[in-house]
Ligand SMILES: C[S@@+](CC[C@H](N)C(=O)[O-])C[C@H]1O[C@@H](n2cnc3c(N)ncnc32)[C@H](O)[C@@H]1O
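Next comes just one chain, in structure tokens: the form predicted alone.
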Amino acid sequence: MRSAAQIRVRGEAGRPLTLSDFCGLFGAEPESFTGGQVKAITTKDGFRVSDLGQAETEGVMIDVLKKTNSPELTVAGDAGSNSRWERGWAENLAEFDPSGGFETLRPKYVRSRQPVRLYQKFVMPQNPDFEYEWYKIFLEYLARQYMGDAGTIYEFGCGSGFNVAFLSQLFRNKKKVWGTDWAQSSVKIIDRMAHGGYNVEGRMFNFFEPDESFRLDEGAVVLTVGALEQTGTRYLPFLNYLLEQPISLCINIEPIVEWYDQSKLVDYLAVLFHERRKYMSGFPETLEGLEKKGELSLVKQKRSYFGSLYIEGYSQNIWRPQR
């Protein structure tokens, strides 16, 4: 993969993402953002991007294709994936000290100094941590918009524990935040948080074989971020599990292959990568079918139009169980 220094951009100053851009990308109104978020968005160079020239765009596309076709590229699912995630989250566990904050819990797959996807194009951010900073504003928006009335939040597939720590601190430990994962190293991260004073709890959980004895609190909010993608087409056991729980809302932030426009080359590359990794498919259609049956009601479905080098991982499917 070529480095940021190797990528030339058109117009070095670039252009900033405005509050209007964030509203469009999130599907939000301006009043949904706090003063602190607006300040972060409008800071001079915080969210500035530059277009790539034709040669640089083609170079990035070639790199994406090489990665997509690499025999070393792993696939989603439960065949051998668990050990891979155990190793990955163990790196975060080794670095995490609750007394020093939670920045070391940043997932390793959120990379710095590389192009990102924006409005079906590749662009080069001026801020090397553009995606990470964008994501923190996005997560806070989701929390304030949809989680404020819940006493308990459950993240399924919590991975490095970043979201659990972020939400616990955002709500000043006034809400109980659970982190569940099928990797023991992930649960150990949550346990370390709890011993460090966070109002959190960890538990092992497998999407493919949900533990029916694990009952969720009434009125709770459920969150998944880039986790259900690992289930391919085998997410129904988890959906059925949630439909039997007394939760108020479920927020699924995942890559949605059906929402790409395959007539656009940048989108088509994401489809190839998505299918090569065997990520989740058919999810929006499944939710819509369950809504027709009266089992849930859809609150929001929104393509992100923003993402990493390979996919858009931040699309929203938000729904409520119906009883």
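Each residue number is its position in the shown sequence, starting from 1. Keep in mind it's a predicted model, so treat the numbers as computed, not measured.
Quick note: we don't show the form predicted in complex with the named molecule, though the next part is all about it.
The three marked residues, 109, 155 and 205, each reach the named molecule in the model of the complex, with a heavy atom inside 4.5 Å. When the named molecule is considered in the model of the complex, only one residue from 96, 130, 122, 182 comes within 4.5 Å through any heavy atom, namely 182. Between the options 166, 241, 146, 85, the residue in contact with the named molecule in the model of the complex by a heavy atom within 4.5 angstroms is 85. The partner is not drawn, yet in the model of the complex one stretch among 111-119, 182-190, 146-154, 212-220 has residues with heavy atoms inside 4.5 Å of the named molecule: 182-190.
In the model of the complex, at least one heavy atom of residue 227 sits within 4.5 Å of the named molecule.
The closest non-hydrogen atom of residue 198 lies beyond 4.5 Å of the named molecule in the model of the complex. Although the partner is absent here, residue 89 is a contact residue: one of its heavy atoms lies within 4.5 angstroms of the named molecule in the model of the complex.
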